[in-house]
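As structure tokens, one chain now follows by itself in the form predicted on its own.
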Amino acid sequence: MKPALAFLNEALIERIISEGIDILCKLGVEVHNENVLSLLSDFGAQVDKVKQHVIFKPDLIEKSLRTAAHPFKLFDVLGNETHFFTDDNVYFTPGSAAIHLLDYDRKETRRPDTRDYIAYAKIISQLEHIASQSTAFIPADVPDAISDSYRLFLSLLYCEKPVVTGTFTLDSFAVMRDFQVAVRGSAHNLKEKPLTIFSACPTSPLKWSAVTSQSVVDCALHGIPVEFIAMPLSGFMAPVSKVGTLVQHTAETLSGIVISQLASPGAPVLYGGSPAIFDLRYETTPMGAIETMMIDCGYNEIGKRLGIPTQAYISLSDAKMLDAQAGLESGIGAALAVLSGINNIAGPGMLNFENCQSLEKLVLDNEICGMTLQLVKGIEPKEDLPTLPLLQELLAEGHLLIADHTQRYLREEIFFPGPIIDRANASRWRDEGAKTLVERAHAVVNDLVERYRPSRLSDDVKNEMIELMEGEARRYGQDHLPPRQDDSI
């Protein structure tokens, strides 16, 4: 039986959805984008263009939910299927858009650069239990105006996995789309085999910026999946109660779904978010708080009730270093996420309230992901009923180490983590250098960078992307891209 976890009963889910729709139809949302306001008006929403405010109608929301409610697939740069967002299929992706990197040697955070990003892409390409990459952190050696496109460029150049990304500027989308069309060969092929997911974040409470609302429309028109990342803060920018926060999250997410589906009915979406409680003592938004995780799991149940695949920022930590807090918060979050059936679980590698990435934590979190993926398989019979013959063999042989049954099911029944997780006895641990977890993680980071094999994307496509990126950089005054110090491209 596959284990499962639920926080809401059916009646409460229905009431939360009803309350969210009621808010949209009575309070409405702000939309700071004239094109999107016109789109909503054309389909019957009550729009005040002067106040940039929209009141929705129930039938508009219900129709949009019907067209949005379907599974979809994601594919790598070579066109191989990697994700099927349906039912309780779960996949992990690193946390995205951090502005700092935890430096192992300096034992402190710093601004990352191109060299760091390439190392990240090389590492994530080899992490077995993390199915996609993200544009994980922002290199500081390029202008802010091209940081979105530059991260996607490096990701597609160095790693074959699909990418969770997004844009913070109106102008970035075109070149980011062109990268994907270059990889796929045509806009039609990109729609047939999506390569990325774009995050779109409404502003709590009940507001859409010009950039994010335009991104929703652009992605819908080009068949690029969108994950909605509503971020209500319980007790600050949302009601302090979990149910109240879920109602607000529902309203904000539904408003994005309507925009997406009016732009292109059936456009693929994920019902996602990054809500948090607000810790009044420190004025922070702890992603590792158990209440934050409960809200994530709760809105996942709401998304599933609506028939829409789901996403959450949940398997991450607010710790500043790779320490016990980092492990316990990330581990609890990952376990809750897979048991809840959240389809796209975002967070591995992240620290410090989504502000920092750590390569060492990323490889550790890969092991956490592997353990939780084993957990969600549950317990099923494996040719072991009746058990009497196995025990007879055990008594006769004195062990079952080389038994046919053991050899057949060993790797399936037991997850063997990599060298980061210490399972040696104390004497062997001392003999092998008595290394700490962080030291072992750093050794794995170095090993993965050393063992990296270049992406099998064709040289022609790589060169086309390089030309596109160089042209984009010149638009913003950077005549040369930072040196990649790599001869594998």
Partner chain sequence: MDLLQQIAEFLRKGDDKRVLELTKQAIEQHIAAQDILDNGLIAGMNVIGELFKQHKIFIPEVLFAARAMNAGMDQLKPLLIKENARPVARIVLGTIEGDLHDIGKNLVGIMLKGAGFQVIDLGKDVSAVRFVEAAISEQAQVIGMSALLTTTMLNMKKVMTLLRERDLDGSIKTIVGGAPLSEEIAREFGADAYAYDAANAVERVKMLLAHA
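These figures come from a predicted structure and were not determined experimentally. Residue numbers count along the first chain shown, from 1.
There is also a form predicted together with the partner chain; it is not shown, and the following applies to it.
> Just one stretch in 94 to 102, 121 to 129, 406 to 414, 224 to 232 has heavy atoms within 4.5 Å of the partner chain in the model of the complex, so which one is it?
Correct option: 406 to 414.
> Exactly one residue in A324, I402, L385, L280 has a non-hydrogen atom within 4.5 Å of the partner chain in the model of the complex; which is it?
Contact with the partner chain in the model of the complex is made by I402 alone.
> Give me the residue from R428, K26, R453, K51 that has a heavy atom within 4.5 Å of the partner chain in the model of the complex.
Looking at the other structure, the residue within range turns out to be R428.
> Which residues within 320 to 349 place at least one heavy atom within 4.5 Å of the partner chain in the model of the complex?
Residues within 4.5 Å: none in this stretch.
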